[in-house]
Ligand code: SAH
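Only one chain is shown below, in structure tokens, and it's the form predicted alone.
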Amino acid sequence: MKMRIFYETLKNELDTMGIQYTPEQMGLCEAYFRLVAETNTHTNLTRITGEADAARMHFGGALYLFGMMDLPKGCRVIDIGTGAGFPGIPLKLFRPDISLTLLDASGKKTEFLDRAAAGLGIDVAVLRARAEEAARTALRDSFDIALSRAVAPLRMLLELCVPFLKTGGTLAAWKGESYDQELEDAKNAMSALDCTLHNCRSVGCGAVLLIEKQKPTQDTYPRRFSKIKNQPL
């Protein structure tokens, strides 16, 4: 049975943003949300389960990024703390050329992501790991774009995400209504991690922040998570 509310809401979001789409892409979005909704009945993936809210927040919110920046063809993207695959998978469905890595510390969530990617027929790398540990592997300094939504306050998030980026790379962070205060609190972290706010646009009651990495990250970072949490930059 077609999820008409989901379909019509997403179609309206895409039309409003001026994003071109095909029936196949709309079908993949619907199939993906159906997988999320079904799995969410027994595994906690997301609090957003209504068709309209999911279309707006999970999909429309992710695709809003297209209006803020150009994603170069074949660019390397990592979604940190991806959970149920948002915002990474919606971006991949509309830009299959990007190289996408989905990173999460939860085995249940990464198992779901492996199944979902296989079911959708999309090529993504799924990695179960903690961000502060994965950032000290070969993944360090290797991505053009890092994505993160609803993971941590910005001053903590920067230390978890920026080390993954190449110099000149961009962190796209989806933040809630307190994003102004988070930006103020993160001034020292931005300085310590050699990054700067490049763009900020309101989305619903929150915003998407684009933060550019200007220099290689010092070897000191990221610290152990206990330090990041208890003594944020």
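Computed from a predicted structure; not experimentally measured. For every residue, the number given is its place in the sequence shown, counted from 1.
Not pictured, yet referred to below: the form predicted in complex with S-adenosyl-L-homocysteine.
Annotation: in the predicted bound form, residues F6, E30 and L93 none come within 4.5 Å of S-adenosyl-L-homocysteine through any heavy atom. The partner is absent here, but in the predicted bound form a heavy atom of L160, alone among L160, V77, L154, I89, sits within 4.5 Å of S-adenosyl-L-homocysteine. Though S-adenosyl-L-homocysteine is absent from this view, in the predicted bound form it lies within 4.5 Å of a heavy atom of just one residue from I145, V124, A135, L103, which is L103. Looking at F225, you'd find a heavy atom of it within 4.5 angstroms of S-adenosyl-L-homocysteine in the predicted bound form.
In the predicted bound form, S-adenosyl-L-homocysteine sits beyond 4.5 Å of every heavy atom of R115. Residues placing heavy atoms within 4.5 Å of S-adenosyl-L-homocysteine in the predicted bound form fall in a single listed stretch, namely 145-153, out of 115-123, 68-76, 145-153, 93-101. Contacts between 109-132 and S-adenosyl-L-homocysteine, taken as any heavy atom within 4.5 Å in the predicted bound form, involve K109, A129, R130, A131, E132.
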